[in-house]
Ligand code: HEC
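Heads up, the chain below is alone and in the form predicted alone; it's given as structure tokens.
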Amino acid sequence: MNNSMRIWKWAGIGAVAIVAIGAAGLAFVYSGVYDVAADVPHTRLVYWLLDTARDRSVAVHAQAVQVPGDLASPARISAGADLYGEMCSGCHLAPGMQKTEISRGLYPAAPELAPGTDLTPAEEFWIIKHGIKMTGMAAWGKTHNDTLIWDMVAFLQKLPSLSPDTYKALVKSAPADHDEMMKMQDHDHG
């Protein structure tokens, strides 16, 4: 048998193997045996695959995000505090906050953000704007403009340094409530 015939033979075997693996994968999916219930954890392999795919996707897509230079602005942080208290704390909690009914029921669990994360501001912005499939993380960019999302990111940068009392005071002293911010956003786009 010459080299050309060997190459074709192995290519044919490879093609058959790929088709067989694909058919087995489809049979597995359509069998419904994999439990997708939120109260049953993924297998380690599935969790690793989903976790890795999520982390890599966020990192790659966030590379194009341009971070504004004013994230330490007290006005941004204050506006973000109101948004976080209204929209995020139910799942991601806040300093000194006990787990909520919704935070206990999410799988995968929403990360608690008060201790901080290893995400860059660009990655935080991308996640808030676009959400994460199959996690319960909403795509807030459908209802909130980039300015409001950057306000949330500014607040997330400050959050790890806040005590429970400082957090509550910051949310309480925010200049506008969430509904008012949304009206201003609608006016800006109207």
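Since we're looking at a predicted model, the values are computed, not measured. Throughout, we count residues from 1 along the sequence that is shown.
Form predicted in complex with the named molecule: not shown, discussed below.
Partner contact region in the predicted complex: 126-134, out of 28-36, 126-134, 159-167, 63-71, criterion any non-hydrogen atom within 4.5 Å of the named molecule. Taking the partner from the other structure, the named molecule in the predicted complex has a heavy atom within 4.5 Å of a heavy atom of H92. Among heavy atoms of L106, some come within 4.5 Å of the named molecule in the predicted complex. The named molecule is not drawn, but in the predicted complex it has a heavy atom within 4.5 Å of C88. Although the partner is absent from this view, A79 stays clear of the named molecule in the predicted complex, with no non-hydrogen atom inside 4.5 angstroms.
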